[in-house]
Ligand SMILES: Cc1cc2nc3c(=O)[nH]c(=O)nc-3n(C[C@H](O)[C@H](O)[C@H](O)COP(=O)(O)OP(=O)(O)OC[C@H]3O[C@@H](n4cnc5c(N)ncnc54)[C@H](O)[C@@H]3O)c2cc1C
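Let's start with one chain on its own, the form predicted alone, as C-alpha cells.
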C-alpha cells in the first residue's frame, strides 16, 4: 500500500512534532486540556463547539477501547467546566473497521457517560463504504438515546434519500458538502452541482421542524441559507451554522454578531496528520481554504 503523508507523519512522532506548526491553526492541540482551553475561548466569544478526538481506521480492539475512554473523559470535563460543547465521533476510531458490534459497544460506553447530561453525540460520516454501517449503528443507538445524530454529505448520490428519512424522523443532522475522494458513480463531482444539491437538502432539513447544523464555509451557500430562512420565517434559534476550527474565524464571529448560532468543529489529539492531510489534499477547494487561512485570509 502506498504511504501517504498522513500515515508517514502518524508513524513518525519526531517528524510530526516538527511539522505541527502547520496544523496547529486547525487542530486545538494534542490533549484534552488543550481542547478545553480552545473551547473555553470559543465560548467566551459566543461560539459553541463539537469536539473530535482524532484518529480513524483503528485496527486494534485495545486502541478502539482507549479512544472510547478518551471520549468518556471528555464528557466529564465538558460537564464539570460547564462548556457549551458536544461530541463528534468517527465510528472507525472506536472499532467499526474491526467489528460493528465492537463499535456499537464502545459507542454505548460514551452514551452512558453522556446520558446524565443529555449531551449530544454526533456520528461523523466517513468514506462511502461505511455509510450503511454508520446508519445501522445510529438506529440502534437512537433506540436507547435520542441525543445522537448523523452527518449527511451532500455530494453523495444517496444523500436525498437519506435526508428524506432523517427529516421525516426529525433526527438532528449535520449537512456538509463532503471531504472524501469518491468515484463518480458514488458522488457528484461538479462543485456547482454539489452546491445545488446542498441547498435542496438544506431546505428539506430546515423545514422539517428539527434542529440541524448547516456546515459550510462557502459564502454563496451561507447567503442562500440566510435568504431561505428569512423568507420562510425560520428563526436563527432553530438551526446553527457550523465551521471548522481555524477556517474563516472572522466569518464565524460575524455570523454570531448578526444573531446566528455558530458551532465550531474542534479536532484534537496526536493523530492530527490524517485530518490535516485530507483537508489539504482530498479536494482542491480545501487547499484554497487552508492556504488562505494559514496566511491570514
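The structure displayed is predicted, hence computed values, not measured ones. Residue numbers count along the first chain shown, from 1.
This next part talks about the form predicted together with the ligand, which is not shown.
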Which pick from 110, 215, 188, 131 sits with a heavy atom within 4.5 Å of the ligand in the predicted bound form? 215
Contact with the ligand in the predicted bound form, heavy atom within 4.5 Å, among 97, 125, 202, 74 goes to 125
Within 4.5 Å, heavy atoms only, one stretch in 164 to 172, 102 to 110, 133 to 141, 151 to 159 touches the ligand in the predicted bound form. Which? 151 to 159
Please determine whether residue 195 contacts the ligand in the predicted bound form, using a 4.5 Å cut-off between heavy atoms. yes
Within 4.5 Å, heavy atoms only: does residue 176 come near the ligand in the predicted bound form? yes
Hey, in the predicted bound form, is residue 271 touching the ligand, heavy atoms inside 4.5 Å? no
Answer yes if any heavy atom of residue 239 is within 4.5 Å of a heavy atom of the ligand in the predicted bound form; otherwise answer no. no
Across 222 to 252, the residues having a non-hydrogen atom within 4.5 Å of the ligand in the predicted bound form turn out to be 242, 243, 244, 248
